[in-house]
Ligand SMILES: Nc1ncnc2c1ncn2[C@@H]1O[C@H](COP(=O)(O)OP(=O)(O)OP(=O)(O)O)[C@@H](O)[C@H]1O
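Form predicted on its own, single chain, as structure tokens, below.
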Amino acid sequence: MAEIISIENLTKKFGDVTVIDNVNLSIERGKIYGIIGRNGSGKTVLFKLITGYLSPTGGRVVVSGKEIGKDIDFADNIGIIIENPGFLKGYTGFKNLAYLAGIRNVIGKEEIRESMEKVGLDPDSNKKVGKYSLGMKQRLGIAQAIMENPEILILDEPMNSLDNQGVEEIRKLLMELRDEGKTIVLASHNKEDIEILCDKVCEMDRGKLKIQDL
């Protein structure tokens, strides 16, 4: 088994409240993992622990052989959507992505253009993000997550605000990315997303995680 993320005895407390309770999960390269569960079950906190946005109270997360918070602060091979993507309203979609790409400076304009086209946005549009619909902002968030060609995608409700056509297009894109060898971990409230996309499904319930049989 080619493991790319290892979650071991992971616990996160906020004061006296345990939000992630001794979670263990081995995530294999090139598969799509679905995380289901009610609001408040701990899905978003789990994603923030995997990506390094939060530090665990106990246990550890290892990504590509490196422990988050110990060997590295953040994994540089992860593309992320967690909560609503935040963009500069006065900039176009392309300019927003170019600004963000400039932080690490590992891609150029061509990769930004490609990522926008993959999610159905026009990189040459002069429309400012402040005038984008919610669905367009969501597409731009997905373009940001994929633009640096990461090995892993952590996507919290990636279909939020998308119309039916948008959902179909993004599902197709995610399956193509998996076929290219990407590893995708996604949370979705849509049963159909989970059934169509996921190789493995895990349920979060009050901070505990259990793998479901497909």
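For every residue, the number given is its place in the sequence shown, counted from 1. What you see is a predicted model, and the numbers here were worked out from it, not measured in a lab.
Absent from the display: the form predicted together with the named molecule. The rest refers to it.
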Of E157, E151, E169, E148, the one that lies within 4.5 Å of the named molecule in the predicted complex (heavy atoms): E157
One residue of G69, G40, G58, G30 in contact with the named molecule, assessed in the predicted complex (non-hydrogen atom, 4.5 angstroms): G40
The named molecule contact at I194 in the predicted complex, heavy atom, 4.5 Å: no
L173: touches the named molecule in the predicted complex, heavy atom cutoff 4.5 angstroms: no
Close approach of T44 to the named molecule in the predicted complex, 4.5 Å, heavy atom: yes
Non-hydrogen atom contact L25 with the named molecule in the predicted complex at 4.5 angstroms: no
Partner-facing stretch of 58 to 66, 178 to 186, 161 to 169, 31 to 39, counted where any non-hydrogen atom is within 4.5 angstroms of the named molecule in the predicted complex: 31 to 39
